[in-house]
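Single chain ahead, by itself, as structure tokens, in the form predicted on its own.
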């Protein structure tokens, strides 16, 4: 079995998710490559040392550039704040390292295009961590659409709703600062919905959007793991990203899309939901009940038509045969394991599985267009 030695930059929320996936991947999947947790990187030496020990890494470092000089690092995994993605990814590509990058790919489409060009020029394998594509139910929806079960697609609607920053005393963390994150809810949440829409329905033709920021100032602070944070004083700073965003979409195939994302939707911890309506049926899915989907089919006999629940834990459902018997559900962390399986297969075959940096670039084109439309009030065409 070929060892693939990972150098991961970032050790908090996504660092934990990625570390777990790398460690558990060989347990569930029979691949000809095996990830090795070689070195984890963070700026705070004490914290990254503790993280390396807890998460199972062989060593740690405080300077990501040193990873690029090492022959015992094959992959650079980027889980840092958004404003650092481009610099790290381009340098990693030039050093001949394969790359997995968290979403959104970049601060804007211009940066994302440079990243895509860099990995193509270097010939390295690249992916972006849109993990929700790898929910078995989502993969099964793709299969049903491809097989024509829904017929011609007319509507795609998506909501991604959370509530973790609603307290006015929640600190001004990096996700609420434009110079670091690029955008707020738009890039953090709606980028996931856009990726699912492109995966399931197709390319976007044009968009119009609106955004709002409900709390304009917050006390300064830092992320403390997961979606929690800690204050660093009483001084206030300006919130210059969106708290909520809504968009209308026309797809290239004629379908219409309605998108909504908010971090001010009380009671929604991770309400990532989609519904697709076609000429022959409809499908609904909700991440908070990720193992199930609801299917309506006009082929059902009269008197029995209605949304049925499908429990996507059978061996016939994508990825599920690698886990437990039917009815024994999997969780959020397994979406990353499934993604890593595709990444390792890509390294074996020297191909870049989707979603890759091209998908990240096309996603960023749409994010930029929604941002621009919010300021102008106009429909913006997507030039793919």
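Model, not experiment: these values are computed from the prediction. Numbering follows the first chain given and starts at 1.
This next part talks about the form predicted together with a further copy of the same chain, which is not shown.
Residue-level contact is defined here as any heavy atom of the residue lying within 4.5 Å of a further copy of the same chain in the predicted bound form; does residue 71 satisfy this criterion? Output for residue 71 is no: heavy atoms all beyond 4.5 Å of a further copy of the same chain.
Can you work out whether residue 64 and a further copy of the same chain are in contact in the predicted bound form, taking contact to mean some heavy atom pair no more than 4.5 Å apart? Residue 64 lies outside the contact set for a further copy of the same chain.
Is there any non-hydrogen atom of residue 28 lying within 4.5 Å of a further copy of the same chain in the predicted bound form? Output for residue 28 is yes: heavy atoms within 4.5 Å of a further copy of the same chain.
Taking the shortest heavy atom distance, is residue 171 within 4.5 Å of a further copy of the same chain in the predicted bound form? No.
Check for me whether a further copy of the same chain, as it appears in the predicted bound form, comes within 4.5 angstroms of all of 9, 79 and 138 - heavy atoms only. Contact check failed for every one of 9, 79 and 138.
Only one of 106 to 114, 194 to 202, 274 to 282, 89 to 97 gets a heavy atom within 4.5 Å of a further copy of the same chain in the predicted bound form; which is it? Within 4.5 Å of the partner lies stretch 274 to 282.
With the partner left out here, which residues of 111 to 149 have a non-hydrogen atom within 4.5 Å of a further copy of the same chain in the predicted bound form? If the 4.5 Å heavy-atom criterion is applied to a further copy of the same chain in the predicted bound form, 111 to 149 yields 132, 140, 144, 149.
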